[in-house]
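The chain below stands alone and is given as structure tokens, in the form predicted alone.
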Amino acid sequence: MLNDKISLDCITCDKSYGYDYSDFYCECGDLLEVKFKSLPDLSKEQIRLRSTNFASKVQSGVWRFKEWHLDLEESSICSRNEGNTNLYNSSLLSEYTGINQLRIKHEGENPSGSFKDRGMTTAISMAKLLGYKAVACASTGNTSASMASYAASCGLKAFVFIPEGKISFGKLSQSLAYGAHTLQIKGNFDDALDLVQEICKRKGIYLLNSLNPYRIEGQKSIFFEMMQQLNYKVPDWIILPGGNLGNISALGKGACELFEWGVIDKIPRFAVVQAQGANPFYTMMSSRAHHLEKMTPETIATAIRIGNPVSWKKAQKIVTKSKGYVTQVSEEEIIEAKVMVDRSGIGAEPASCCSIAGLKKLHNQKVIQANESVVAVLTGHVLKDPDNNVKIHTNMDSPFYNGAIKLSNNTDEIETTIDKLLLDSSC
């Protein structure tokens, strides 16, 4: 029984609740997180064997680690075989960032195209276990796409609250296609999150934003799988984008737990990168303030266009404990990094590329050294934001212009054009 294995504990005070507590906030007003009542029993050999058990749900890149997050019976698991994402080497991105030992963990390779699937499989499995018939979320796009997919696969009604005009069509189209009821509201993501929390309480709908602690538990598996791929050799740094700050909270929690349980020998340093136009966490950390001041966000990196991140206290603890760092990058730096990620053949949406932009910046500032080992996390697929892909490469004034070349239906003209391109060293 889960009651014997885990509890929901306040991140600030000493209050503790059962796993089925209906709220995600403590009575004191702070968020809750999953705590283990005893040392989980899971070996590296079990994990290895599950990785090739293709007939079972535990082959998933989340559920093969289930004792480390949410130990459910297989019959209670709602899974799309999420995880199992690649860890890439790229000489182009190593040269661009100045980091010799760089690996790229691409979470855009999940079923719905983002890391959100890892947290969604655990949280929606919990929704089913607790008897909910409907789920809801506020979203800048990726959460809604993931929730809509998982809700459809396990027979739950889904309600998506999105900020009107503040979501890419690539992501919105997924929610519509999977059958979610999409509600466009005036305001930004933070307004949508306030509304969806109120509606969920009134209507008895299960909330699936990252303030849900079971979302965080699933997202920890990014770190777990990374460790399996690296044969449990911990990198010096892990760098990732910062929006609502659920991902840094999740990976950091997973790292601290594995260190406490003796699975790994150190905790990596975590670097969080925010867009300059959506940087409340950077502003707080760089000014050494005690509280986060919300802002009105605006950035091309729509997935992290968040001005009042709900998980800032959790993120603050991880950055502090790991002796990590928080930085910000400009729109120009995001676009340049995206072009490099895409040209490396890996590809990612703009928010993901904050990892690479931030890594280049931190290396130039001598925060991260060339010989340190780094894993940069890309959070979303390149096709999550096709509109910006086209804008970047069809702007004639852009240094990254790569628009279609208009030619007549003439073989000689086409051949001449190709010959010129073959000789052009800048291509």
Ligand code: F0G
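As the structure is a prediction and not an experimental result, all values here were calculated from the model. Quick note: we count residues from 1 along the sequence shown, nothing fancier.
Keep in mind that the form predicted in complex with this ligand is missing from the display, and what follows is about it.
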{"property": "Among the candidates 285, 227, 306, 192, the residue which, in the model of the complex, approaches this ligand to within 4.5 Å (heavy atoms)", "result": "306"}
{"property": "Selected contact from 246, 83, 324, 297, since only one has a non-hydrogen atom within 4.5 angstroms of this ligand in the model of the complex", "result": "246"}
{"property": "Residue 139 within 4.5 Å of this ligand in the model of the complex, heavy atoms", "result": "yes"}
{"property": "Close approach of residue 358 to this ligand in the model of the complex, 4.5 Å, heavy atom", "result": "no"}
{"property": "Proximity of residue 143 to this ligand in the model of the complex, heavy atoms at 4.5 Å", "result": "yes"}
{"property": "Contact test in the model of the complex: residue 349 vs this ligand, heavy atoms, 4.5 Å", "result": "yes"}
{"property": "Heavy atom contact within 4.5 Å of this ligand in the model of the complex, the stretch among 176-184, 237-245, 91-99, 257-265", "result": "237-245"}
{"property": "Residues in 355-386 close to this ligand in the model of the complex, defined by a heavy atom within 4.5 Å, in order", "result": "379, 380"}
